[in-house]
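Only one chain is included here, represented as structure tokens and corresponding to the form predicted on its own.
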């Protein structure tokens, strides 16, 4: 526990150092935050337009769908705010920057994830929390202490699933040797589909969202919270899925590190 606390303390100092660097260009950071807010608001407008025409999406009511949307936005926000460096892994590998990280007495994966910070993550996280707060007053859930604790656990599990997917998809750069990670970008784009109940998609799309498994960021956790039959039963395993995803992504990253042999000159 003492070692874990030390790792977390160093990681926080890395992030705070980058915050100070970002705030040197406050206008740029503010523009990025505002652009992120507008992007997420566009999604909310889309949902509002849809539910102005139909009362529900299958057995999902308006505020239940907004809950799914908010969980995904929150996970993306925390990921960008705390683990944005994952997206720079391909550059580290391609330019040999990973060599510098390997000689430091700190886990390479954590150095990569904490190497930068996405200012837009702050607005996404705040917006996600705000939407969850409003949706919590509109959904048919008895918010007792146990239910609240379960909801928090599901949200944290969704964040971990999203982090694991991001780390694993970017780790493919060890094999592709490209300065950009196209597979990671593709997976991130697919994540937009996970903002809505996967029952609205075809069987093939549902299978992709389960296998990757983006559906465990918002859909299955929400189904468990709202008691949505089979989907709710599957959603109850979200914490275990999150643990398996983190372990798998970490093992995949270590396999990539064993493959890494610098870039020469």
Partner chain sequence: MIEARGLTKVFRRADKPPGLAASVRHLVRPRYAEHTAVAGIDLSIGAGEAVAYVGPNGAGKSTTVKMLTGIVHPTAGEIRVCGLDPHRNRHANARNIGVLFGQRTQLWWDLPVRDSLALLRDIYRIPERRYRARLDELEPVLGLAGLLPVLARKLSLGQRMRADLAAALLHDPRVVYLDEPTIGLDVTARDAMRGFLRDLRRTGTTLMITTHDLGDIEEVCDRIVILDAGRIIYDGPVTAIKDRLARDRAVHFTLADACPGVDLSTDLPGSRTVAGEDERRVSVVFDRFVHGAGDVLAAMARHARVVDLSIDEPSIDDVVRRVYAGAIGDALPDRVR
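Residue numbers count along the first chain shown, from 1. Quantities reported herein were computed from a predicted structural model and do not represent experimental measurements.
The discussion below concerns the form predicted together with its partner chain, not included here.
**Student:** With the partner left out here, if you bring back its partner chain in the predicted complex, are 25, 95 and 262 all within 4.5 Å of it by some heavy atom?
**Tutor:** Result yes, every residue of the spot touches its partner chain.
**Student:** Indicate whether its partner chain has at least one heavy atom within 4.5 Å of a heavy atom of residue 106 in the predicted complex.
**Tutor:** Taking the distances in the predicted complex, the answer for residue 106 is yes, it comes within 4.5 Å of its partner chain.
**Student:** Please determine whether residue 130 contacts its partner chain in the predicted complex, using a 4.5 Å cut-off between heavy atoms.
**Tutor:** It does not: once its partner chain is placed as it appears in the predicted complex, residue 130 has no heavy atom within 4.5 Å of it.
**Student:** With the partner left out of view, is residue 241 within 4.5 angstroms of its partner chain in the predicted complex by any non-hydrogen atom?
**Tutor:** Heavy-atom contact with its partner chain at 4.5 Å: absent for residue 241.
**Student:** Can you tell me whether residue 17 touches its partner chain? I mean in the predicted complex, with a 4.5 angstroms heavy atom cut-off.
**Tutor:** Taking the distances in the predicted complex, the answer for residue 17 is yes, it comes within 4.5 Å of its partner chain.
**Student:** Among 69-77, 95-103, 156-164, 134-142, mark the stretch whose residues have heavy atoms within 4.5 Å of its partner chain in the predicted complex.
**Tutor:** Contact criterion met by 95-103 only.
**Student:** For the stretch 3-18, return the residues whose heavy atoms include at least one within 4.5 Å of its partner chain in the predicted complex, in the order they occur.
**Tutor:** Read in sequence order, the residues that approach its partner chain (within 4.5 Å, in the predicted complex) are 3, 6, 7, 10, 13, 14, 17, 18.
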